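Given next are two forms of a protein chain, the same chain in both, each as structure tokens and marked structure 1 or structure 2.
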Structure 1
């Protein structure tokens, strides 16, 4: 039986590295939007976007938090950019066991860019980027039927395995109070 095709709106943030000047306004506004209560504090460790930088060569690369992965990647490829060597982890969007990036500083739970879905005017990092290095885009894509609740269960099981059921339950209770 063939899976039925549907269309859905895919929201993305296109990054123009050539425009980024490393001001970190995107990190500041993202952390403020995700503070509890909203705008009550500024902690870039809570930001869902990070600026990877090489100040000597004046290179800045914004990286958005992506999916959580329970295992480290198998590859450790190296990239040469303007004569400097970078490893794959430098530009990786995932939160994984081998890196501290994109983890909530208090609980250690993984962070993921939510495109500021609660904000009427879209992702705040795009709005506050003064040099247009971040560009919000929406497009229609054809996709198979939506995944069922089993996908959510797999994700919750992996978080419970990693952080313990009690920590996961406490975090969910705290999130429910915010909502």
Structure 2
């Protein structure tokens, strides 16, 4: 079956690394807004945005948490930009076993940016970044309509990682019969 094309609003954050001053206000507010109850605590180690920061080398890269990955990738290349050397990982959004970024400090559970979908005034990191290193942008994009429900897929994937695909399928089959 061929997927129908349809336009959809894509929420994005434009990151201007030249504007970032390394203050980590974005980390503060992200962790606070996702605390339960909201704002009851804060802790940058729970933030879904991280500043990859090396002041003496003038490296400041705000990165928003993306997908969880079970195994680290092969990426150990270096990028040279404007005479500065960046690790490939500096731009990667993955919650990945090779680093401490984007994991809950106690449980190790992966963190993912949800674009502050519960907040009326949009991404809070953007709101708290007064120097415009983070700019919220909505873009129209054409997408295939029958894209799988993303969250379900991620959930299943991590279950598969944990229990093995076979066990998972057996369980699902059992559940289907019961149903």
Partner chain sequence: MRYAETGFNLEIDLTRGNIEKVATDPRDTELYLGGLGTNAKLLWDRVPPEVEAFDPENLLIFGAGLLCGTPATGCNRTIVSTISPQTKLMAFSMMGGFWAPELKYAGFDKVVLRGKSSELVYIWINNDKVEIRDASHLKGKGAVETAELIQKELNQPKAQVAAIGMAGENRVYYASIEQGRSSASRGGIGAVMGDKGVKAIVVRGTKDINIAQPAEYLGLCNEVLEYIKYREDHPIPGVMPILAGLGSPQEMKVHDEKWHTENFMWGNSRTRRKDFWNDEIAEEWTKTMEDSRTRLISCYNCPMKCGATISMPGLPTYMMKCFSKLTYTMAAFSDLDFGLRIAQKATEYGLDGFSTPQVMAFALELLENGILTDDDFPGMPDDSEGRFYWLLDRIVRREGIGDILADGTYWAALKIGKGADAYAHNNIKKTEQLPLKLSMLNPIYFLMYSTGEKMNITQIEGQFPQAPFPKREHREKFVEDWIQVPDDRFKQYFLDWEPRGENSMPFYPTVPMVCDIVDWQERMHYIDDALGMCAGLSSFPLKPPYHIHNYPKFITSGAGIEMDEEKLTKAAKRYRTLVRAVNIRRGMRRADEAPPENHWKKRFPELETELLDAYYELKGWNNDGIPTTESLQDLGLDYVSEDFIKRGILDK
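Keep in mind that this is a model prediction, so the values were computed, not measured. Whichever C-alpha set is largest while still superposing within 1.5 Å between the two forms counts as the rigid core. Residue numbers count along the first chain shown, from 1.
- Form assignment for the chain places structure 1 as the one matching the criterion, namely the form predicted alone.
- In the core-superposed comparison between the two structures, residue 12 has its Cα shifted by less than 2 Å.
- Shown in the overlay between the two structures, fitted on the rigid core, is a CA shift at residue 165 of 2 Å or greater.
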